[in-house]
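Presented below, as structure tokens, is a lone chain in the form predicted alone.
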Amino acid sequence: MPSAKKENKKYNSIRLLVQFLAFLVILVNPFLNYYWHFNFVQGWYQSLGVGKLWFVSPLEGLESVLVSKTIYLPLLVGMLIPVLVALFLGRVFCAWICPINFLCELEDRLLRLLRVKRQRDLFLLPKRLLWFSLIGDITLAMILGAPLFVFLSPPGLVGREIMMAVYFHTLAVEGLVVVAVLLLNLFTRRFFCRYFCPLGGLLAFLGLKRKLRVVRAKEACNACGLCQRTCPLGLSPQRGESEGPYCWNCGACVDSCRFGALNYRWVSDPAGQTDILPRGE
């Protein structure tokens, strides 16, 4: 049986710091824009401008192209970097930058600080729902003739609510969607992120052949199951699910492994990961 060894990895702490800095951008930016007219950074993570460089969320960009039936070159350029990041790193936006996940992590830490015991993952659904949410969102957007996720995206709503508060001293009713997401997180970790976020579905699809993966060393694994209990998405790295499309490379399982069996690896030829859905799904 492998013996436990101490690991010096601090991915959880680094991730929380990165999330905080990313959240600070959309929190402070409206004040800079409105009160000091400092417009070097504009927008939020649906469409974020830094100087003359714009980053556009791949799903919002795709919806806009499909709804308008127009190829707008600046829009495609804005989507390029996020798409390339997803192709190489998978759903890292979801784990490391998304304001919704940041708020969920703060919620989790607050509950632990208050020593509130809760039953984890009460509502479990098939993981493949993530793909249906993506297909459904795109289909509805084309039927309605409007980019649906642009208006109701929980990550986008966080930035929009902050902007509404600063510019108009009010909040929009759509912000209740964010409240609902946080409430669902009390019963099932990252419920919305696991099953119903179409942006997460698109990034997972783009990252099917991603190069950065959490890989398990079989000879070092003690099969203790701690990695699955730690994973915010309820995945089992022990069964290789950290190498599948649903994993968002957060590193929580790597930190939790007392045997050093889990580590990030650059995979040049991700054999066995050609299917969209893992076996058994």
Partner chain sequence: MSRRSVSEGGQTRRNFIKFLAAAFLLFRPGAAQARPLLSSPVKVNRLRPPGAVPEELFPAKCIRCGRCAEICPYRSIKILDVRYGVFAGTPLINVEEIPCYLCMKCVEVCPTGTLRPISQEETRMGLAVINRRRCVTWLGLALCRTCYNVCPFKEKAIHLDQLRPVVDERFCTGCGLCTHGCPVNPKAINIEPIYAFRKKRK
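Keep in mind that what you see is a predicted model, and the values were worked out from it rather than measured. Numbering follows the first chain given and starts at 1.
Only in words, not in the display: the form predicted in complex with its partner chain, which the text now covers.
*Asks:* Would L208 show up as a contact with its partner chain in the predicted complex if we use heavy atoms at 4.5 Å?
*Replies:* The answer is no: L208 has no heavy atom within 4.5 Å of its partner chain.
*Asks:* Should R194 be counted as a contact of its partner chain in the predicted complex, where contact means heavy atoms within 4.5 Å?
*Replies:* Close contact is absent here: in the predicted complex, R194 is far from its partner chain, nothing within 4.5 Å, heavy atoms only.
*Asks:* Verify the contact flag for Y167: yes if a non-hydrogen atom of it lies within 4.5 Å of a non-hydrogen atom of its partner chain in the predicted complex, no if not.
*Replies:* Although its partner chain is absent here, Y167 would touch it in the predicted complex, with heavy atoms inside 4.5 Å.
*Asks:* Can you check whether S64 is within 4.5 Å of its partner chain in the predicted complex, heavy atom basis?
*Replies:* Yes - in the predicted complex, heavy atoms of S64 and its partner chain come within 4.5 Å of each other.
*Asks:* Can you pick the stretch from 198-206, 96-104, 83-91, 177-185 whose heavy atoms fall within 4.5 Å of its partner chain in the predicted complex?
*Replies:* Stretch with heavy atoms near the partner: 177-185.
*Asks:* Candidate spot P30, G145 and L152, all three in 4.5 Å heavy atom range of its partner chain in the predicted complex?
*Replies:* Yes, all three are in contact.
*Asks:* For a quick check, can you give me the residues of 30-59 that have a heavy atom within 4.5 Å of its partner chain in the predicted complex?
*Replies:* Going through 30-59 in order - heavy atoms within 4.5 Å of its partner chain in the predicted complex - the hits are P30, N33, Y34, H37, N39, Q42, G43, W44, Q46, S47, L48, G49, W54, V56.
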